[in-house]
Structures are given as structure tokens and as C-alpha cells.
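Take a look at this one chain, the form predicted on its own, written out in C-alpha cells.
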């Protein structure tokens, strides 16, 4: 993952992965038939890890808006603490190397997030929009905020965090 974050998907051959990890290429190929299989495996694991991170401290009985803000902040904190993972996911998000099967499995790992959005739409908290579109809009604000901090373009303060989450909420909430 570090190599891909540093060099890009296509500029990271298995020989580099072998050298960096200290594991022979033969051993790598014993578990993964190709570099693409490694990438898909890492991508899927990260999708699940990110979804799990969003729900840290989640209380189903808390008000919907409070849960939204918690999940938004948890997701931002995860990305800020794992810049390598963010870079890897950004490269994979539109790559043809990610198989359709992996994309579908990734959607399944995000089913709790989709369920949360569906709950918001059905309960009148969020605008009635496509669930995947809402998830993408929320994810985009989180990624954009994380990139501002990680690039050094803006020191994201607590005030910025709250303001960005509020702007995202304001754009999605039902009037």
C-alpha cells in the first residue's frame, strides 16, 4: 500500500512489493495470482476498515443528526490518521484494476452506511436522493477536508471540522 501511495498503481511492480516486504515474489504469488489481486484485496479490506471506523462510538438511540456528525468526524479522523490509506483509496476509486466483484463486495461492506442514509431519507431527516449519491457527497466533503489538512493547504481546526460537517449536513438535510 505504501509503495502504491508513493509511486502509483501502475508504477509498483510485484518485484518492488517483494523487496519492500522482504517476502519472495514466489511466496506472494502463492497467495495472490497477480498484482491486481493484491490491490483488490487491500482495497476491500480498507473499505471495510473505513466503514467500521465511521461507527466508532455509535449509539443507535442518539438523535439522527448527532449520529451523522459522529460518523462524519470519525471518518475524517480515520483519514487524517492514515494518509497512506487515503492516497491508496483515491488511486483505486476510479481504477479499472478494481474488479466489479470487488466493487460489489465494497458496497456490501458499506451496507451499514447505506442503511444509515436510507433511514435518514425515509425518516425525513435527509433529502430523498439516491443513497449512493448521498454517500458520495458526504465522502467527498470528508476527503476534501482531509486533503486540505494533509497537503498543508489549511490547518483544519475543530472549528473547521464542525463547519465542514455542518455544511455537508445543511446541503443534505430535508427542509
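Positions refer to the first chain, counted from 1. We call the rigid core the largest set of C-alpha positions that still match within 1.5 Å between the two forms. Predicted model, so just to flag it, every value in this text is computed and none were measured.
Beyond the structure shown, there is the form predicted together with another copy of the chain, which is absent from this document and is the topic of what follows.
Partner-proximal stretch of 22-30, 54-62, 128-136, 36-44 relative to another copy of the chain in the predicted complex, 4.5 angstroms, heavy atom | Careful reading of the contacts points to 128-136.
Are all three of 66, 75 and 113 close to another copy of the chain in the predicted complex, meaning a heavy atom of each within 4.5 Å?
-> Negative, none of the three is within 4.5 Å.
Report whether the minimum heavy atom distance between residue 172 and another copy of the chain in the predicted complex is within 4.5 Å.
-> Although another copy of the chain is absent here, residue 172 would touch it in the predicted complex, with heavy atoms inside 4.5 Å.
Could you tell me if residue 93 has a non-hydrogen atom within 4.5 Å of another copy of the chain in the predicted complex?
-> Output for residue 93 is yes: heavy atoms within 4.5 Å of another copy of the chain.
Would you please decide whether residue 166 lies within 4.5 angstroms of another copy of the chain in the predicted complex, comparing each non-hydrogen atom pair?
-> Yes, residue 166 lies within 4.5 Å of another copy of the chain in the predicted complex.
Residue contact check: residue 140 to another copy of the chain in the predicted complex, 4.5 Å heavy atom | Close contact exists here: in the predicted complex, residue 140 approaches another copy of the chain to within 4.5 Å, heavy atoms only.
Any residue of 33-51 that, in the predicted complex, places a heavy atom within 4.5 Å of another copy of the chain | Residues within 4.5 Å: none in this stretch.
Flag for residue 150, CA shift 2 Å or larger between the shown form and the other one after aligning core = Result for residue 150: yes, a 2 Å-plus shift.
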